[in-house]
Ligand code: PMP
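Only one chain comes next, encoded as structure tokens, the form predicted on its own.
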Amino acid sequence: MENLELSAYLRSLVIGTETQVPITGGQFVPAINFDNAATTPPFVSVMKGITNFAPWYSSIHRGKGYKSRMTSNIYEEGRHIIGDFVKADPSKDVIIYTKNTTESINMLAYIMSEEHKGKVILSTEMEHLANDLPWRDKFLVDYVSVDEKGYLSLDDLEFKLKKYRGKVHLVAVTGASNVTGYINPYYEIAKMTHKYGAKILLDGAQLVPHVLVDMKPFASDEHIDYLVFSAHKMYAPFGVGVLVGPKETFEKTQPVYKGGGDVRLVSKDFIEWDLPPFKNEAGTPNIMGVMALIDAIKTLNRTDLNKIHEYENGLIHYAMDKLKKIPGVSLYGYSSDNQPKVALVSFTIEDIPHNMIAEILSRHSGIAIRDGLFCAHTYVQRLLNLTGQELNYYRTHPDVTLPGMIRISFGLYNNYEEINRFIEVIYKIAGNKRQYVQKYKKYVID
């Protein structure tokens, strides 16, 4: 049952919830954003914080002026706030600011390749491309399989850890899938990984905005060695990501980006790099992005992520229960065995292309969703049971629409009324396929 008071409060935290958008026929309707797994709108507190800080904006670590010192202090204090948020170890971990999760993983892959070339990286069949492609040209990469439901196979993980006999350096795994929303048992994965002498990287892009993540102490078998996530998925715009990991990883290796800010002293004959995290943040830092993330974390802490997760779970289960009753709809990410999830689910409607459904929802009702392969090609292909022959056909026919799904993903500000509007439109589409296809095919370019 919807908690109206909580729903109204959560909705008040976010900017743009009542924005009107145009639909077919020239009307305007309140926009419904069910594409939060891609990017969330900003918190009111974040934008107020940015406005209040703007008069004090200055360079970081470069000047002795009051504004510069103040800006630098805020920038460094942000590391402590982020570290506390994910329970990193302030004495052993380093927190590096990046552009996003993708850059964080690419940076780690380059740095690790300096010392661990020839080692094995275990990725999984359910990863976002950001946690797959960066490893491919630097290591031997193998993939932990998923089963027919889309769950990660821990048996296969252990099999592969044994198979490579100590050569696995890292298990790179998503905390929560951006296709099904399934939350992986990352503490169990960490224990297994450490048992075989490897480390774990947790892609927290879809997890950290919804669930309290504890990296656990270094001495714990459940310790998360590396954690990455993005501000733009947790109500903080301006482009900041985070890479958290042990200082020793970054102390001996060269930085990926080289230039001002990452050195202590340089001559024509030598380069003395600064200590991490400074050596890994060349150039002028993105203080506005850091400010946004800090304010977002403070708002999430005040609101209680456990309550948010419970509320969002109510939304997604309500939506899934409605969707599964619609003829022709196939759900991916719906389970009857209480598999932990974040608030997203993917589906298809028989005989209607995914990109056309997205167009209909947007143009007919002002509802924004995501369609396609969600940058998780291997996982979607597995869930859709696509054969090698079919994939080769799509590869050799660039004029044909690629296969894919429709994804809805909720933020803390979404509510049951929006879901009801969405379900009403899906019922109409599923019950009048020919009519909708005929009307909207002009908007879909194969």
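Each residue number is its position in the shown sequence, starting from 1. Computed from a predicted model, the values in this text were never measured in an experiment.
FYI, the form predicted together with the ligand isn't displayed, but the following is about it.
The partner is absent here; in the predicted complex, the one residue of I32, A37, V46, M405 having a heavy atom within 4.5 Å of the ligand is A37. Of the listed positions (H232, H354, K279, H210), a single one reaches within 4.5 angstroms of the ligand by any non-hydrogen atom in the predicted complex, namely H232. The shortest heavy atom separation between H128 and the ligand in the predicted complex is within 4.5 Å. The ligand in the predicted complex comes within 4.5 Å of a heavy atom belonging to A176.
Contact check for M112: every heavy atom lies farther than 4.5 Å from the ligand in the predicted complex. The closest non-hydrogen atom of T102 lies within 4.5 Å of the ligand in the predicted complex.
Partner contact region in the predicted complex: 197 to 205, out of 180 to 188, 197 to 205, 324 to 332, 249 to 257, criterion any non-hydrogen atom within 4.5 Å of the ligand.
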